[in-house]
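Given next, in structure tokens, is a single chain: the form predicted on its own.
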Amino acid sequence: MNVGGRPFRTVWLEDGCVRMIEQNLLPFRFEIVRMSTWHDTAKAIRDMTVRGAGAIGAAGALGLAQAALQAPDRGFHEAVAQAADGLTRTRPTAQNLFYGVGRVLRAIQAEGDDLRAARRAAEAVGREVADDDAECCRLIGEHGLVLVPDGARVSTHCNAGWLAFVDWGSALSPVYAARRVGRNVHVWVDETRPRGQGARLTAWELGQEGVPHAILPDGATASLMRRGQVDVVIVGSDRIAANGDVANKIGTYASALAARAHGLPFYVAAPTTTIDPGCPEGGAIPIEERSADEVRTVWGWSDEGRFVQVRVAPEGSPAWNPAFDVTPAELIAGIVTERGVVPATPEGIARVARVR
């Protein structure tokens, strides 16, 4: 996707190091950062230098490849196992992370004690995971194009664009596909408190692509629907259970309820790597809880040109900060995958789920 007219991916492997866009600085500064070791890559996932289901899945896969390339011959498999454990412990909800690390780990283990082959396999499969994510998201755009006719007004929550994946994105991929075939599209962007991924990331990348959009306070979305100014809701997902329940950024459930109340279709877009066939329903999805300070403070760009944090709540007030919520399958009109649009039912999920 484009930054100032130049194509970029969100995360990639170069000279044995993982490189990525520093998303914590956007939209104020665009910067590429270099992760020298798998420990650095794991920290980048944990502190959300890279974030979004597909992007952290690719980062995890490339981070494990990085670990294999750097591990000593003596104790190689122990070092790789330690890296796999450390990478998967960074964030608990996004299924893509476990998928990506698992694929690379299995490729390494399949080579046994041939360490040269194990390193080659790790790098090749790590790159395959990243390439697959980008291609899946491109195909999501093709399959989701029917949801975004000319003149469509799309509501979305958080960031499920190309910054959240290796390229193209999930929820925004049909929007980008529609624009590139000449359709007029407008996107309503929920600001997405507390970290503001909608206001900071989705709005920025839509601007880079020249897509008309407007940022909304999270609490304004239902009112906009009531006024008849939304045609369809498309969001992403961090994990999809076997019954079709979906975990996504906190606030997604409220958007789905509002869409149901106003007779609007609510779609989830995600590659099949997001499906967790071993998770029976939404209540079994682990929900990450983050620091209360993310609720009590905000980051922004000062008039002096500095990235600063300011407090917006009483210093002693406690806060609850779940990063995700679960939207029940019955509220979802369909799930847009690289294999087509399927119903949010056990049968629909089983039809497209990957064999692990």
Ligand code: MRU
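In case it trips you up, residue 1 is the first one in the sequence shown, and so on. Everything numeric here is computed off the predicted structure, so don't read it as measured data.
The same protein also exists as the form predicted in complex with the named molecule; that form is not shown, yet it is the one meant from here on.
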Heavy atom within 4.5 Å of the named molecule in the predicted complex - residue from I240, I140, L87, A160: A160
Select from the listed residues A67, A53, M35, A42 the one whose heavy atoms reach within 4.5 Å of the named molecule in the predicted complex. A53
Non-hydrogen atoms within 4.5 angstroms of the named molecule in the predicted complex: do T10, Y176 and Q208 all have one? no
Residue stretch of 275 to 283, 97 to 105, 229 to 237, 74 to 82 approaching the named molecule in the predicted complex, non-hydrogen atom distance within 4.5 Å: 229 to 237
Closest heavy atom of R91 to the named molecule in the predicted complex, within 4.5 Å or not? yes
I'd like to check something about V295: if you look in the predicted complex, is any of its heavy atoms closer than or equal to 4.5 Å to a heavy atom of the named molecule? no
Look up in the predicted complex whether N248 has a non-hydrogen atom within 4.5 angstroms of the named molecule, and give yes or no. yes
Is A164 a contact residue for the named molecule in the predicted complex, using a 4.5 Å heavy atom cut-off? yes
